[in-house]
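The form predicted on its own is given below as one chain in structure tokens.
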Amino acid sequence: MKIVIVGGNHAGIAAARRIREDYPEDEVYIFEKSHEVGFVSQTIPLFLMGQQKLDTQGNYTNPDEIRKLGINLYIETEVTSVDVKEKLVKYKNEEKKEYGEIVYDKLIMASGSYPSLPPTGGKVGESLFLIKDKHDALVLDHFVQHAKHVAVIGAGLVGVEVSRILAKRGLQVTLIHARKRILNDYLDDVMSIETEKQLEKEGIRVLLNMRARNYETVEKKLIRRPRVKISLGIDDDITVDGVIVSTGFRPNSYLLAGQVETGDKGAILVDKYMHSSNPDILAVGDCATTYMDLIDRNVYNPHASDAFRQGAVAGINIHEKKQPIGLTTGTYRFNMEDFFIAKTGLTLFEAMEQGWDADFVNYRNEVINSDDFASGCLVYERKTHKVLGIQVLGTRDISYYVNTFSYAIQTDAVIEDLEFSDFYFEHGYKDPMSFASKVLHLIREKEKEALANQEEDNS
């Protein structure tokens, strides 16, 4: 069988490796438009912090390693069209002036995503900066060495990370977010507010409920970079040296537009076996949807760990549907140097929106004789105490709890299942109780208070 994979990053590589392992007789072709494979974008924050080098630590594999597996890898080669009726892929290498086509038996789309850019007159790499690939990181690092004031548009994962990094590098940072709370897709308000306080403590100006309406170049001299004026509304303009756009990503699904069924944000709609609406086409990674079990629907959820899982599952199912992907809970750990954030499952808002009879408890534990702390927010179903989600943050890292609670969600565990689990003792905190024991204690206290109020009302 001849299998063509469009895209040579996490999802595509994972699929190719699994096909080579399970079906060694198959011919596997990967087409990747960049000059490298296996770049980890999570390296970019670490590079900007000065902790890792992009040239030696940014990629977990290289073209030679992939080819040694018997995989036909074409780099610097862009797929220009896909004809699903003819099962024909056309491609080109502009540098070598090479153009070709290949007929496939099965196609795996692993074409990734692209940054979502607001309407603007600014020039990317000069006054506007993205954070997606190695080139973006190098350009931004060079700009930062000469800049004094930057604006970051969008307070999602990347926006908050880069804001903290640039503030630590001595820049004046203004973080602009269109919603009422930062990290609103990941944290409940109580945890978002805690994070906002930390950012402000670090000197970052946070502007909420404000949208960048327009960007305008206001100065451009031969010996200076242009500056940018951002219009936020009436009398709310700010002028900065550059703008970092971090407003999310969109799926690179245009090659199959109108040829397969698409879903959330135009991502290729796939089932739990990574198959699209066309039986000979699978889709994985940032170009495909992800089925979120707790909300019972397919959503666009670009995430590296999901890309690896989806790619491997697609490789197993390339001949026939054999292995469904495991339950997805949306597990994240952010690259927050000396301030740690992680989450899995639903926020309280998401849980209630999906019809769960949900509530939450918030727990903060301080370190003895120190300003360090760890904080957690547990979302649960009232009647059963089923775990629905957890968020943790603080200057002490307790993000490992997130993996434990992700597994608890996947196994339909209730809080009581974890109360007396054999976790290692964490010394140094003012409250020595384990996290699971503490949140269950808070739930019991909350329920006692609710019962007392109900009895008072009845009397």
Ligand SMILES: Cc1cc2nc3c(=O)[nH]c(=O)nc-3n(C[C@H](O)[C@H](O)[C@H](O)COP(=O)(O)OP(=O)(O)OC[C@H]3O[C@@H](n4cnc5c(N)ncnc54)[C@H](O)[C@@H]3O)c2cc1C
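Note that residue numbering follows the sequence shown and begins at 1. None of these values were measured; they are calculated from a predicted model.
What comes next is about the form predicted in complex with the ligand, which is not displayed.
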Next on the checklist: I'd like to check something about residue 111: if you look in the predicted complex, is any of its heavy atoms closer than or equal to 4.5 Å to a heavy atom of the ligand?
Outcome noted: yes
Checklist entry - Taking 4.5 angstroms as the cut-off for heavy atoms, does residue 302 touch the ligand in the predicted complex? => result yes
Checklist entry - With the partner left out of view, is residue 11 within 4.5 angstroms of the ligand in the predicted complex by any non-hydrogen atom? => result yes
Next on the checklist: Can you work out whether residue 45 and the ligand are in contact in the predicted complex, taking contact to mean some heavy atom pair no more than 4.5 Å apart?
Outcome noted: yes
Next on the checklist: Quick check on this chain: which one of 280, 264, 78, 372 has a heavy atom within 4.5 Å of the ligand in the predicted complex?
Outcome noted: 78
Checklist entry - Exactly one of 361, 255, 269, 240 has a non-hydrogen atom within 4.5 Å of the ligand in the predicted complex; which residue is it? => result 255
Checklist entry - Which among 78 to 86, 191 to 199, 312 to 320, 347 to 355 is in contact with the ligand in the predicted complex, heavy atoms within 4.5 angstroms? => result 78 to 86
Checklist entry - Along 55 to 76, which positions have a non-hydrogen atom within 4.5 Å of the ligand in the predicted complex? => result none
